[in-house]
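Form predicted alone, single chain, as structure tokens, below.
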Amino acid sequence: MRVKKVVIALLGFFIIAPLWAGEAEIEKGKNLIYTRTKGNCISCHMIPGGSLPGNFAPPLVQMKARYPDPDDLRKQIFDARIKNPQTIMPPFGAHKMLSEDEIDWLVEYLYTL
């Protein structure tokens, strides 16, 4: 009986932990999206809630539908040249413009759009 309680407690932790951990990551990603000195996504993309957005890159909406696998979205942010060598999107990860954590935070936030 004791083992069963421990297993239930551990499962509860792993189910709940991403919920509280994700909030901070989502907020950090949101800050990067709108920060003109770091991610600067808004200079090219229309983003809900953003002011003075760019209009020559795809709007950042319905991201879960467009990228059902978060790893694909992460790869796109890391280096969009892999899928499209002619892209004008900066290779944020490959050129170390954003850290690995910052790219993860962007993915977390974009998945809320």
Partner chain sequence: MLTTKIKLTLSLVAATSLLAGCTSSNSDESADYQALVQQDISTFQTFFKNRFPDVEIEDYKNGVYAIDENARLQWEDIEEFPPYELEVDDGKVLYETPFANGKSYADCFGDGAVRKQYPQFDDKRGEVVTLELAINECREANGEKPLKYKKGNIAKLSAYMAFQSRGQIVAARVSSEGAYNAYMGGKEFFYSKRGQMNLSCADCHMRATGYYLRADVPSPAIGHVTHFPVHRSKWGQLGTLHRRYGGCNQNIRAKAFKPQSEEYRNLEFFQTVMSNGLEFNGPGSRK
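Here the structure is a predicted model, which is why all the values come from computation and not from measurement. Positions refer to the first chain, counted from 1.
Heads up, the form predicted in complex with the partner chain isn't pictured, but that's what we're talking about next.
- In the predicted bound form, Ile82 stays away from the partner chain, with no heavy atom inside 4.5 Å.
- In the predicted bound form, at least one heavy atom of Gly54 sits within 4.5 Å of a heavy atom of the partner chain.
- Of the heavy atoms in Val61, none are within 4.5 Å of the partner chain in the predicted bound form.
- Shown alone here, Thr87 lies within 4.5 Å of the partner chain in the predicted bound form, counting heavy atoms only.
- Three-residue candidate spot Ile26, Pro70 and Lys75; no residue lies within 4.5 angstroms of the partner chain in the predicted bound form by any non-hydrogen atom.
- Residues from 87-104 that approach the partner chain in the predicted bound form with a non-hydrogen atom closer than or equal to 4.5 Å are Thr87, Ile88, Pro90, Pro91, His95, Lys96, Met97, in the order they occur in the chain.
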